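Next up: a single chain in structure tokens, the form predicted alone.
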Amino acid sequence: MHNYNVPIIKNLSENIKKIKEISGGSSDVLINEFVTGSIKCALLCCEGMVSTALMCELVFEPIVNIPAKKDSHELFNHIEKYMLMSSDRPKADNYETLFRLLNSGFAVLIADNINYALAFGIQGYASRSIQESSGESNIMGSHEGFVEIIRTNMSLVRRRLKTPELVMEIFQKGEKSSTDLCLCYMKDRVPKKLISDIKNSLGKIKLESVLSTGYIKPFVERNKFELFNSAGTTERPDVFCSKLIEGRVGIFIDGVPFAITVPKLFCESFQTLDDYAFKPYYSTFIRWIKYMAFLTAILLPAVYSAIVTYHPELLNSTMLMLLVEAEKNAPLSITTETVFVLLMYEIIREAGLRFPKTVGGAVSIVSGLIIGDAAVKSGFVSTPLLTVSALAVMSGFVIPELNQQITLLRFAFLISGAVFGLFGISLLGCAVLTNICATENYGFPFTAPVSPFSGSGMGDTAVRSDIKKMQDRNFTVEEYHE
């Protein structure tokens, strides 16, 4: 493993030779040698990472008109004191820092007989424009979503929180990728211990690269088995700002349009920004619809299978005869049928996700109309079972943030109900509830404000209180800290 944390060589020709050696002669590393102020210099940049227009206007034109200087130190002092060139002007005194800046879109100036380099931030690489978030749509809120460029994401937050209390700290992680990460928090709201604990957790990262939120989340979650994530993600600037105001800590990752928020509460999965745009009674109704949809998505196939197999006495005579008539020609058991239908759905869903968008619609048509209709008409799957499974799957769409947990718990409850009936479902439900209640992150209970109970917190959990009442709460998550 190479160590590039070595001082920059003073001799310009040897310095350039070393830079070419480290880069391996990469074609996108451009080295332009020239003379300014009677001093031999070289300007380095990475092709495609800098703005050509900005480089010509802010760097090329001013730097070639510098009057003669006696040595490189005087030249660099003149540039630092009397020439602006760019607002972001870091220095590099070793090759590791030099290449990190170079590969981040900086133009780097080196000179003969001096052992450090000047860098100018003139980034101009191609990026996706700000668009609506793909997974957190809303009706009456902002339609802006985070993009892959960390500086753009920081500006989206700063536009919404124009206060000096908002702190953004940039640092790098990833031995090979040197990915920029940004820690965001409101210094007057966030618990001091939470900030120090998160910084300690991030300090343990020794990865070669950081390419998605999945590389960072395990370090800011507890190292034990958790069914649900105790660190959240969002791609909406307004949601991110609301978390910061509540005393949470946010983490941006350069190249990823999702931000991490710590800690996360279970009730947040059922909340959207539209809840605060609608009337309180309607928002409360929608929130309870989501709670019921969550239970339906997980339990409905399991309860159906358990009742038909072990507890038919719970059904009235009409319902029982309908189910007997529908199931008598099915060649498989209720449980096997249900597992088959749910697995078929998961395969179809994955195919629709991974296929190009132009083909995704065809996948839905083929699967829904042809396969589903053929399975029912052939008697391979009964109509009531297909209806129950479809209702459970549709209910899961209401809470897309919990899709992973819903999918696996649906199968777990189904198998438990098939083996032990309603008793098995109740037993597994207790185990799941115990796991949820035991989940915490940095001392913040995952189930707050339900457990431990907080009357003020229930005003935005069980119901959605009026905004006039909520404005006097000055709520922060520190109230839930154990």
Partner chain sequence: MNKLTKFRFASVILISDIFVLFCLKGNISAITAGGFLSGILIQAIISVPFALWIKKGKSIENCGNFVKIIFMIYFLLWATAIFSMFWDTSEVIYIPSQNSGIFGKISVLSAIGLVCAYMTSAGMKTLLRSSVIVAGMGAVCILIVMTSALLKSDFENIKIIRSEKFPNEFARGLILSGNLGSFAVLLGNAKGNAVTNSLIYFSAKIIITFIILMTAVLLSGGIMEITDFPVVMSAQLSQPFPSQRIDSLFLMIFSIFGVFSIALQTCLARYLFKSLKRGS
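These numbers were taken from a predicted model, which means no experiment stands behind them. Positions refer to the first chain, counted from 1.
One more form of this protein should be noted, the form predicted in complex with the partner chain, which is absent from this view; the next part is about it.
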Subject >> Position in contact with the partner chain when the complex is considered in the model of the complex, options Ala68, Val419, Val64, Cys56, heavy atoms within 4.5 Å >> reply: Val419
Original post:
Among Ser38, Ser456, Ser426, Thr52, which has at least one heavy atom within 4.5 Å of the partner chain in the model of the complex?
Top reply: Ser426
Subject >> Heavy atom of Val450 within 4.5 Å of the partner chain in the model of the complex >> reply: yes
Original post:
Should Ile31 be classed as touching the partner chain in the model of the complex when contacts are defined as heavy atoms within 4.5 Å?
Top reply: no
Original post:
Heavy atom to heavy atom, is Ser87 within 4.5 Å of the partner chain in the model of the complex?
Top reply: no
**OP:** Give a yes/no on whether Ser26 approaches the partner chain to within 4.5 Å in the model of the complex, heavy atoms considered.
**Re:** no
Original post:
If we take heavy atoms and a 4.5 Å cut-off, which stretch out of 121 to 129, 143 to 151, 306 to 314, 285 to 293 is in contact with the partner chain in the model of the complex?
Top reply: 306 to 314
**OP:** May I ask you to list the residues of 425 to 444 that have any heavy atom within 4.5 angstroms of the partner chain in the model of the complex, in sequence order?
**Re:** Ile425, Ser426, Leu427, Cys430, Ala431, Leu433, Thr434, Asn435, Cys437, Ala438, Thr439, Glu440
